[in-house]
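The chain that follows stands alone, in the form predicted on its own, written as structure tokens.
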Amino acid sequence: MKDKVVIITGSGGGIGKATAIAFCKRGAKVMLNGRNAEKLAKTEELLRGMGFTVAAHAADITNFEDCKILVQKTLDTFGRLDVLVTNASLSMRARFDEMSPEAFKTVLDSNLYGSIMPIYAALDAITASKGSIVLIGSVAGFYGLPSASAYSTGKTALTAFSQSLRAELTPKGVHVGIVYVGFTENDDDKRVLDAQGNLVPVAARSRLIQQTQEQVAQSIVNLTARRRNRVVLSAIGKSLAFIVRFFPSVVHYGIQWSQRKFKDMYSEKNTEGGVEP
């Protein structure tokens, strides 16, 4: 990856920031992106302090005009573009029947158009360099999960989108890959959308089932460098991919069982005067 120029959307923090560091360690030059200009500037300063060649541009990656400016700034700064990693997205925690249409659309737009618009903007430059387009999917895209309908829908759509792109762009020498990310450690300030579209903290998860951001970032860089089509991360992700493919009914009944279990648990807490679900 030495001297390759990489755009990573959503790289002000989290997996995106870790991925930027991983690419830089392999000799790449990185254009950072995010919507929070202050947070982005701090990440840029940190990476420059580590001796890496980076620049930053704040942009809404669901907006095509913003994406065109992001790509042009990259070309003006570094002279070329070799890799686009569409990492930025919003997650959620809400039942569909309780979620506002506006909140649903916001999550879906982030996960689907948040990849499509940057790719539209970068396509000519990536084709010229015979570079790579890397989409960040999720194991939530293998099977629609409760309380994550918009997120699962967007991530599932990315699979079909990546397949169409690969069929069209491979003859032009462009690599298209997708990384299916599982449970990953989050920054403390990570937020998701609730039913009304408010930002709320991520639900707590056991660290035993989570990969580190650095592990995920390394997998993204490796897929890019080896020009692989897809990779599924974590033991849980690989198991889920296998079960969904060959035993989908097992996943269905497992989800139904877990829903009943949590419903019973919350009912017991409410009876005892505990917290509301």
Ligand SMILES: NC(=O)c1ccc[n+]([C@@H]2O[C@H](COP(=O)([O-])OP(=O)(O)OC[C@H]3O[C@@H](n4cnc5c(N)ncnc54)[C@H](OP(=O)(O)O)[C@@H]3O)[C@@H](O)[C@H]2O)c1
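Computed from a predicted structure; not experimentally measured. Residue indices: 1-based, along the sequence shown.
Just so it is clear, the following notes concern the form predicted together with the ligand, a form of the same protein that is not shown.
- Message: Taking any heavy atom pair closer than or equal to 4.5 Å as contact, tell me whether residue 229 reaches the ligand in the predicted bound form.
- Response: Because no heavy atom of residue 229 falls inside 4.5 Å of the ligand in the predicted bound form, the answer is no.
- Query: Looking in the predicted bound form, any heavy atom of residue 42 within 4.5 Å of the ligand?
  - Reply: Judged by the heavy-atom cut-off of 4.5 Å, residue 42 is well away from the ligand in the predicted bound form.
- Is there any non-hydrogen atom of residue 74 lying within 4.5 Å of the ligand in the predicted bound form? Residue-level check for residue 74: no, no contact with the ligand.
- Task: Report yes if any heavy atom of residue 20 sits within 4.5 Å of a heavy atom of the ligand in the predicted bound form; otherwise report no.
- Result: Looking in the predicted bound form, residue contacts with the ligand do not include residue 20, since no heavy atom lies within 4.5 Å.
- Which of these stretches, 131-139, 96-104, 160-168, 74-82, has heavy atoms within 4.5 Å of the ligand in the predicted bound form? It is 131-139 that comes within 4.5 Å of the partner.
- Message: Give me the residue from 217, 32, 59, 28 that has a heavy atom within 4.5 Å of the ligand in the predicted bound form.
- Response: Looking at the other structure, the residue within range turns out to be 59.
- Task: Name the single residue among 181, 122, 176, 150 that comes within 4.5 Å of the ligand in the predicted bound form, judging by heavy atoms.
- Result: Spelling it out, the residue with a heavy atom inside the cut-off is 181.
- Query: Using a 4.5 Å cut-off on heavy atoms, which residues of 86-101 contact the ligand in the predicted bound form?
  - Reply: Contacts from 86-101: 87, 88, 89.
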